[in-house]
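A single chain comes next, written as structure tokens; it is the form predicted on its own.
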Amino acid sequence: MNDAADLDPHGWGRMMAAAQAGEAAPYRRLLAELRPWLLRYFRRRLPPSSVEDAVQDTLLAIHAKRHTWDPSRPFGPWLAGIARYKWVDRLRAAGRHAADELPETLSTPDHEAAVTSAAALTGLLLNLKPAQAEVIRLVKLDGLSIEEAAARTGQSPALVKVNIHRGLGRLAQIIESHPDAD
């Protein structure tokens, strides 16, 4: 079933010819049998959210255009052509929706305070000894335990505690010695 000409393994052309002659049962069977093929076709080509709609659109197009199929011609290429057109329609619609502008009322959080605080903290940590700044960053900012910070830095757990204590004390002195910039 790789080629469009091979799309008639179950006699879909005969069913369509019977449907054109006014027989309802073969037509219902045809539409039921086309559905799994269409699902496979669109699943390979469209996002999951669009597959079912594309299948329904294609089945409606087959119904609306069933009179255009010539029983002397293969059914597979006719079916594949309709499916391809519906696929292209879906791609065009997705392109139109992708270009829609965002509404002005769309709310976005303000990150200015967080960015300013992070920059100020980074600047403050530069005033400390590198070993103190590193363990403060690991334990107080990144949430590592004393033991994890000790393993990562090569310091003993006792030294990690001392460096955190001394570093935080030094940061407090720096902050207290500078009046607010407000």
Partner chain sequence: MPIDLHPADPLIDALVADLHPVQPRRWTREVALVAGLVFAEILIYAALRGLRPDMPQAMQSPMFWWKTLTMGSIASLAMAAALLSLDPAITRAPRLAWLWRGLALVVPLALASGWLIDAGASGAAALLARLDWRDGLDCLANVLLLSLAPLLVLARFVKHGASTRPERSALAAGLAAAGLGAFVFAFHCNHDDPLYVTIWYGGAVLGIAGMARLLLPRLLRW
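As the structure is a prediction and not an experimental result, all values here were calculated from the model. Positions refer to the first chain, counted from 1. Rigid core: the largest C-alpha set superposing within 1.5 Å between the two forms.
Omitted from view is the form predicted together with its partner chain, to which the following refers.
- Annotated contact segment (heavy atom within 4.5 Å of its partner chain in the predicted complex): 53-61, selected among 117-125, 142-150, 40-48, 53-61.
- When its partner chain is considered in the predicted complex, residue 95 lies well away from it, no heavy atom lying within 4.5 Å.
- Residue contact check for residue 90: none of its heavy atoms lie within 4.5 Å of its partner chain in the predicted complex.
- Contact annotation for residue 29: at least one heavy atom lies within 4.5 Å of its partner chain in the predicted complex.
- Using a 4.5 angstroms limit between non-hydrogen atoms, residue 68 touches its partner chain in the predicted complex.
- Relative to the superposed core, residue 18 shifts its CA atom by less than 2 Å between this form and the one not shown.
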